[in-house]
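Just the one chain here, laid out as structure tokens, in the form predicted alone.
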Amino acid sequence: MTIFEPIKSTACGCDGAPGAPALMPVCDAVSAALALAAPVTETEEVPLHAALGRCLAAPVLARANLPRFDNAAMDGYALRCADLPGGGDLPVIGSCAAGDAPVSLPPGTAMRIYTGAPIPRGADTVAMQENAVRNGDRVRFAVPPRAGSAIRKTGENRQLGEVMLSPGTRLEAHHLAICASAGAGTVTVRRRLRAALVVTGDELAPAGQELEDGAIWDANSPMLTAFCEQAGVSLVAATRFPDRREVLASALSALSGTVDLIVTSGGVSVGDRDHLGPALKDLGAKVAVCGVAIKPGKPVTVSRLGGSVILSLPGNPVAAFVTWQVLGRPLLDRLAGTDAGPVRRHVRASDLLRHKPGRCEYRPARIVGYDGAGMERIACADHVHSADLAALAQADGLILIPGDCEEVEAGDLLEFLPL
């Protein structure tokens, strides 16, 4: 078996990469962005049916021993092993099932028992029914039972007061089952994150609207709105603004402090029509990330204004998609109070991939099979344009091609960020 170490940091290969001396490596950009963000502190208590996707703010403790009482691990017969020293059979005096109250087992008898039923007082084993031969009201056993077999002991899973789930856990379906099994009908969670979406671009029009002159349909607004909804974030504002510096500065100033995260799209590069950087400067925002050695998405910017973190994504849809996956998801986790982050894994390239050295590249890829050792194989286009969303249509995730890499051979290991 081949064992790979867990991926703890992005192996972007951008440090000192030729052609990108002034750009921040991806791993440094993620660290700098997270340093700007602090988890929300307000909490609330919610019932389990409303807790999916929320982040625990207090531990979930077992409200009883689990199991709460000794019970049968399978269907069979409860008995005392001492009553069968040399084989033979035993009279069956009754039965007990899950939900029944505990009863006593007289010496020299057996009792039919079903999975989950309380072990009768006096019994010390459950003989599985597959080894039992029933003849009327008596039972004998083809295989002599061993004391203690097929019994789940009181508290063997968890003890009263033991921590079942720790703060910082993002609650998924199996976590809710754990909460319920521990007797917790409500949980204490951090409040939902509040976010605002600011999209710029005089050329943008809502999807479905007839296009005129040089207009294009706005792909980023529905995509970024969906990302927020998937993450359980309350999107309190989503507005499209014209390409004017003073309008953008005014919008950011008005939103600052009212939300935890402001996501902007477009206007983040250095052209004459890119007003995000100058607007942040006008407002005195603290800029931690400005220009990253990543392809696509080099202009991505992360800053803080008042009580709000601002994630400024490029306007090109694939670049916005990629930089959201690489920077947006970890930022949301940090703000929500969990630093779990997206789980990355290793895959193998199925074909030769070419790459221009300088910036690391996150390229949409799909899983196409497995190698002889059972490791996933991926395939992707040889080139992806940052405005062409078609590359994402069948993507299962993003592969990372390090910045100092010119070619990836078929069979080479790659880092894979699942979507």
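Quick caveat: nothing in here was measured; it's all calculated off a predicted structure. Numbering starts at 1 and runs along the sequence shown.
Keep in mind that the form predicted together with adenosine monophosphate (AMP) is missing from the display, and what follows is about it.
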(request) Using heavy atoms only and a 4.5 Å cut-off, decide whether all three of 229, 232 and 333 touch adenosine monophosphate (AMP) in the predicted bound form. (result) no
(message) Can you pick out, from 303, 169, 200, 71, the residue that has a heavy atom within 4.5 Å of adenosine monophosphate (AMP) in the predicted bound form?
(response) 200
(message) Only one of 116, 317, 291, 155 gets a heavy atom within 4.5 Å of adenosine monophosphate (AMP) in the predicted bound form. Which one?
(response) 317
(message) Within 4.5 Å, heavy atoms only: does residue 124 come near adenosine monophosphate (AMP) in the predicted bound form?
(response) no
(request) State yes or no: in the predicted bound form, is some non-hydrogen atom of residue 132 no more than 4.5 angstroms from a non-hydrogen atom of adenosine monophosphate (AMP)? (result) no
(message) At 4.5 Å between heavy atoms, is residue 219 in contact with adenosine monophosphate (AMP) in the predicted bound form?
(response) yes
(request) Evaluate residue 274 for contact with adenosine monophosphate (AMP) in the predicted bound form, applying a 4.5 angstroms cut-off between non-hydrogen atoms, and reply yes or no. (result) yes
(message) Given the stretches 86 to 94, 156 to 164, 260 to 268, 143 to 151, which is the single one in contact with adenosine monophosphate (AMP) in the predicted bound form, using a heavy atom cutoff of 4.5 Å?
(response) 260 to 268
